[in-house]
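Single chain ahead, written as structure tokens, the form predicted on its own.
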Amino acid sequence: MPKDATSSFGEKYLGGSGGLAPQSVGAKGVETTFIAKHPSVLIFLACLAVFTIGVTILAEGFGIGVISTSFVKTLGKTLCLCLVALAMDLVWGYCGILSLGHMAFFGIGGYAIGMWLMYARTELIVLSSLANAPLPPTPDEITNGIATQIFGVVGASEFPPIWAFAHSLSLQLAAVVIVPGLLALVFGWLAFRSRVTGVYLSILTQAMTLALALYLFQNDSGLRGNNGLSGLQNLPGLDDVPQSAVSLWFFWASALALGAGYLVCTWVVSGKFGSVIRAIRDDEARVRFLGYSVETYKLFIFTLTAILAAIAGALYYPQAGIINPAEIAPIASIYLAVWVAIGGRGRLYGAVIGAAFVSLLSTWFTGGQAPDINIAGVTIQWVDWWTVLLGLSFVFVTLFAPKGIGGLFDLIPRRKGETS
């Protein structure tokens, strides 16, 4: 490898000698703040805050009732999809790892919180039914009653081992982070230490997702097989609280999680660490030649994004009300990659735009709101043709607009330059 080529690569990504990125200083030599270096963060958070306040004012829960409760749930779920799209953009757009398995982590987060929601809700029902019994129920009777209620649909009446901590909200919240984090850590360590890259790594992540989905489809998986977990929109002990208020609570939580996730992702891609992962994306061999532990960087990004995806799933499915193994099917992760590509890979706000745009458009087309089109006696029903339109959009963006929708913002500085 030519020496000048290696030096140029190091100066471009890693800040020249020693691999230290140069500090950002202002006009008077004072180091600039994080927000000053990344003004897009402030703009994004301001837009998110205005959007959240606007929806709250217009919603039925605490506002004037212009926006229905069902649409508030749709908006809350869209914010969760934006968060998992951020994770996908970080691992793919910045680190170059095309993961086709991140929706598996999304689903694991949903199952983890769903287990507590089903357990706590069923416990209240069982206690209510046993309240008039001649003798107070024993703890075993209560546990057996809960298990029968939950698993009777698959012909079982006992709790599987994975439900050992379903009674504890704090432990299940910890599982939202720990379980997908450990799975990503083990899978990533095995894959990256073997230096599996490119399309082969994508196939491995897809195989992991397929294996998990097929396992969950089995009735003896401990998660009710194809029936999944249902009734998740009903918060235990809050029967008197209307869904209009509950939907806003989850909407606020989703907005807060998206804002925090955007801050975390921006911090990760900034500075020396961000330069290294971009360099890994563009030329992994050169980064390894310069002495960096490529596998460590990739493993950190893969694990972090898996946790972000799981948090998004934990907020998404209580708003959806149900989760089943079909949500973890490999096609879901492919859709996720399409959202990021349409929004603009390698720019965080592009991933958010892509996920929001496709999610809301999908709701409109598949919800029967888009009018059917009659061409030469052939009726196009968008419920059936939406996936075809989405696929064509992905092809169009790949061929003619590789920067996606987010690339339109690149035209703004050009316009200013032309008028000045």
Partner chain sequence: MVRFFCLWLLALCGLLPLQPIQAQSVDAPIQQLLQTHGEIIAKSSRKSIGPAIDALAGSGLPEAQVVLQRWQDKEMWVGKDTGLFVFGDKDGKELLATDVADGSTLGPFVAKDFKQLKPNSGIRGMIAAALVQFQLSNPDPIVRLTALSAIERDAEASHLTALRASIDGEPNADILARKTRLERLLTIQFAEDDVERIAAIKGFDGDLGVDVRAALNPLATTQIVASDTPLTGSDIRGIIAPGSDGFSETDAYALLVADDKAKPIIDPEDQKQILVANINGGSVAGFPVSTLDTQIARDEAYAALAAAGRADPVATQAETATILAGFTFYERYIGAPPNVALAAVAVLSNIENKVAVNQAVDLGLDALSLASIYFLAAIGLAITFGVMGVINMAHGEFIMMGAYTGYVVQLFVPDYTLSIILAIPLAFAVTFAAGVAMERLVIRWLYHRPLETLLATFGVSIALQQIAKNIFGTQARPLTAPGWLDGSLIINDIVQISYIRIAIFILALLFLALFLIVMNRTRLGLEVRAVTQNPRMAASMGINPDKINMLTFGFGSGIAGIAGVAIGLYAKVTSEMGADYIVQSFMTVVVGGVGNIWGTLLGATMVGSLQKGIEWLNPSNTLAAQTYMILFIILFIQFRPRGIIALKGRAAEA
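Numbering follows the first chain given and starts at 1. Keep in mind the model is a prediction, meaning the values are calculated, not measured.
Only in words, not in the display: the form predicted together with the partner chain, which the text now covers.
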Look at the stretches 254-262, 211-219, 108-116, 158-166 and give the one with heavy atoms within 4.5 Å of the partner chain in the model of the complex. 211-219
Let me know the one among A207, A174, L185, L235 whose heavy atoms come within 4.5 Å of the partner chain in the model of the complex, would you? A207
Contacting member of F51, W385, W364, F62, with respect to the partner chain in the model of the complex [4.5 Å, heavy atom]: W385
Going by a heavy atom distance of 4.5 Å, is L360 a contact of the partner chain in the model of the complex? no
Quick one: is Y335 in contact with the partner chain in the model of the complex, heavy atoms, 4.5 Å cut-off? yes
So in the model of the complex, does F44 come within 4.5 Å of the partner chain, heavy atom to heavy atom? no
Within a 4.5 Å heavy atom cut-off, is I375 in contact with the partner chain in the model of the complex? no
Can you list, in sequence order, the residues from 132-171 that come within 4.5 Å of the partner chain in the model of the complex, counting heavy atoms only? P134, L135, P136, P137, T138, P139, E141
